[in-house]
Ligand code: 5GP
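One chain comes next, on its own, written as structure tokens: the form predicted alone.
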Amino acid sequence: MPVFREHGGHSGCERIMEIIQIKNNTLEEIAAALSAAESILFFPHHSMDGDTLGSSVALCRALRTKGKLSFVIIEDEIPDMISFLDCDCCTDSLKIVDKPDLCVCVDCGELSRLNRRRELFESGRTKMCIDHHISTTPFLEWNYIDPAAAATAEIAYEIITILGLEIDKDISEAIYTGIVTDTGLFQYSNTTKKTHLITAGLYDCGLNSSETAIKIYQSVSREKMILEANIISTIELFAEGKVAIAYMTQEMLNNSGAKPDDTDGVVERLRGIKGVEIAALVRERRDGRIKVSLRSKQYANVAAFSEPRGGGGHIRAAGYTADSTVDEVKTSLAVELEGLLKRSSVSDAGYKAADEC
């Protein structure tokens, strides 16, 4: 299977942390480190999406064919839309492997997103990060961060092919799930020729894209539909129709009978409104904190907006958490996002970067 390489190293990412030289490794170095380890644990980020879980499962399954003791360590419930990825690789046991050789955070550049699994991650003899978020910088002994990759699943595909491991139907489905969810069915501007070439290669490995798409997008619960309808009814437009803001309270969630992850995809629907450049979904969490999910269509950099607020993500998709109320966040966002639009330029629309969380 071919390995599609279009980007070189990221020398600008090199920095010194304490005594260790932290750098962005090559894919070959990452593959060699994975090959050298006997016990490997993969850690998707909290509030899993298709890319973090799909990439983790694909790498875990592939390395098991090489005789590795490998697991995907999860702690929250897998969202319904990607529940088909659940397999004997996935476990919530924090004692599955004692002192693993290698712990890998996947599609995740902050250990805080590992929550209660962090202690297990840090018990690994060696630590690695595989990611494509533009806000992630190398911070572990081994790192491969490529913001030009449409999804971390693209990187997983390349690693597996470098190792010469077979990609079967299950692995191809996991990789495809990561790609298709992070590119919005290949609609977002992070989609490249390379994305399509990798996807084309998956068909030779047994991928049934229609079957997988039905599992992801056409198996929606009634409760999710009710919640989405309630959220959409709260839409307000600002900045002459260029900003759309909607919200969800815990009362709305409870009344619908839906799950917290059933809000997945709603902010993208807000962005789909004609004339909207920035969409924001303001969600009240069970702990009372407010989660803000942001999406932009062509030129606004929502990652730069989110980072000073303790968040991050991609240029066209980012978010952060606030200690406030739904009404207070909505009010401030209406003003702040209009300001972001004024600082942005339509000329930025041609900038190619990883686009979706």
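Don't overthink the numbering: it's just position in the shown sequence, from 1. Bear in mind the structure is a predicted one, so any value in this text is a computation, not a measurement.
Only in words, not in the display: the form predicted in complex with the named molecule, which the text now covers.
Q | Partner-facing stretch of 314-322, 60-68, 35-43, 328-336, counted where any non-hydrogen atom is within 4.5 angstroms of the named molecule in the predicted bound form | A | Stretch with heavy atoms near the partner: 314-322.
Q | Residue contact check: Lys291 to the named molecule in the predicted bound form, 4.5 Å heavy atom | A | Within the cut-off, so yes.
Q: Check whether Glu77 has any heavy atom within 4.5 Å of a heavy atom of the named molecule in the predicted bound form, and answer yes or no.
A: Because no heavy atom of Glu77 falls inside 4.5 Å of the named molecule in the predicted bound form, the answer is no.
Q | 4.5 angstroms heavy atom contact with the named molecule in the predicted bound form for Glu166 | A | No.
Q) Is Arg113 close enough to touch the named molecule in the predicted bound form, meaning at least one heavy atom pair within 4.5 Å? A) Contact with the named molecule, yes.
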